[in-house]
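Only one chain is given next, in structure tokens, and it is the form predicted alone.
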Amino acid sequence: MNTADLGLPVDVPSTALFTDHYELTMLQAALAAGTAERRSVFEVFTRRLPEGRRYGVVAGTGRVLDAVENFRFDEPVIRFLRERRIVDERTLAWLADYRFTGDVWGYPEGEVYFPGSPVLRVEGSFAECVLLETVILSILNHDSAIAAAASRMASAAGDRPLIEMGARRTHELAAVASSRAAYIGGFATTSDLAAGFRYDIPTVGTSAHAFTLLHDSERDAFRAQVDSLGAGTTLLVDTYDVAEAVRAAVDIAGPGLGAVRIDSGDLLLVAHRVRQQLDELGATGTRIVVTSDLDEYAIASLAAAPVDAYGVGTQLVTGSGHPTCSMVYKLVARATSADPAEPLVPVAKRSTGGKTSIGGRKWAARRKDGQGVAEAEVIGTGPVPAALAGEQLLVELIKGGSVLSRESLDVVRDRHAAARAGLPLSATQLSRGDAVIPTEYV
């Protein structure tokens, strides 16, 4: 099949093949062994944060809910599996009727997490849960990495708005997910229209260097843009000579010029010079937007510069050096039969090399000090201590296969801002360090 013939939209119609081959071969073997329907609990967690990061950000939960709902093996998918002889006919018949009927609990989207945090808990039969491993991990690992980078950038930017503009630096569908994750992490707008269409994120954009080069002179380009978009537009002033461009921009748009954008050079030095020039020309309200391969460190270095907004692309959509969170999806408990009354038995991987896991169906809570600041991530498998009963983190997301609710991105974005504000102040430091609070097991 030619994938171009599918005409895939931003959201693909089925997520069933967003999985690994061995998920289906495990299913076939479990069906044959009579163990496929055993009640099971899988958990998503990471053993460590990316090097130097002080906290993680849960992002992609809403997309996971969509993916679980759309996990359907329709006739073309079944035909593909049959033609490739990936699994036998008994397994194909089981997949044709697949619907997730279990329960999912997780950290609310936008919440922060730490090593060992049970970010997501999936419960149901082994067969229906194991198939979801790859799609869940691909979403959470990608989106949480982008949101964590965005959160660090937002901390560095302070009250200055951030523009997500990384669509041309990543896969076209990843770009949409990146915009969503960046908005959760604190970005204000995106340049990606698909993200605006799909998730209602505010979009912005004016012109590139090509528009200036198209015209016979820079003044002609500025005049064309102002005539069409109004004096409140943003003019790109670094195609040729910055000082001359700023002079021409104010001359053409007037002192009410909305903004100028600087995309190259020593941004700290150029921003100061441009601010002084704008003020001398009477354009005291004209804002300065800087771009040019920024990351959180470059943003922090511009804190003292007269900059009003930042545009970030490559470093954001690649996680600023950490494009994944290394989350894993592990079986932590299972019953010895499909009987709902059968007790769950903790199970865990035992191996060398730092890949061990802790068995048992877990709860998580965040202990706070007297000032309400987080001081530990507490994780347990037994009864929840009374002192932590009101601080539990996991919420029910899917019950009996049905999604319980969906949240707007603004709610998620506000939750993240509140969660970050509840961490010790050192969480927002860009210097390398361990997780800002310890993980304690009880």
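Numbers follow the displayed sequence, beginning with 1. For clarity, every value in this text was computed on a predicted model and none was experimentally measured.
Keep in mind that the form predicted in complex with a further copy of the same chain is not shown, yet the notes after this line are about it.
Participant: Please tell me whether any heavy atom belonging to residue 371 falls inside 4.5 Å of a heavy atom of a further copy of the same chain, as the geometry stands in the predicted complex.
Facilitator: Because no heavy atom of residue 371 falls inside 4.5 Å of a further copy of the same chain in the predicted complex, the answer is no.
Participant: In the predicted complex, is there a heavy atom of a further copy of the same chain that lies within 4.5 Å of any heavy atom of residue 304, even though the partner is absent here?
Facilitator: Residue 304: no, not in contact with a further copy of the same chain in the predicted complex.
Participant: Residue 40 near a further copy of the same chain in the predicted complex, any heavy atom under 4.5 Å?
Facilitator: Yes, residue 40 is a contact residue.
Participant: How about residue 193: is it within 4.5 Å of a further copy of the same chain in the predicted complex, going by heavy atoms?
Facilitator: Because a heavy atom of residue 193 falls inside 4.5 Å of a further copy of the same chain in the predicted complex, the answer is yes.
Participant: Give me the residue from 299, 201, 257, 245 that has a heavy atom within 4.5 Å of a further copy of the same chain in the predicted complex.
Facilitator: Partner contact (heavy atom, 4.5 Å) among the options: 201.
Participant: Tell me, which of 215, 82, 361, 367 has a heavy atom within 4.5 angstroms of a further copy of the same chain in the predicted complex?
Facilitator: Of the listed residues, the single hit is 215.
Participant: Sort through 281-289, 99-107, 69-77, 153-161 and report the only stretch with a non-hydrogen atom within 4.5 Å of a further copy of the same chain in the predicted complex.
Facilitator: Among the candidates, contact is made by 69-77.
Participant: Does any residue in 312-348 get within 4.5 Å of a further copy of the same chain in the predicted complex, counting heavy atoms only, and if so which ones?
Facilitator: Sequence-ordered list: 314, 318, 323, 324, 325, 326, 327, 328, 330, 331, 334, 336, 347, 348.
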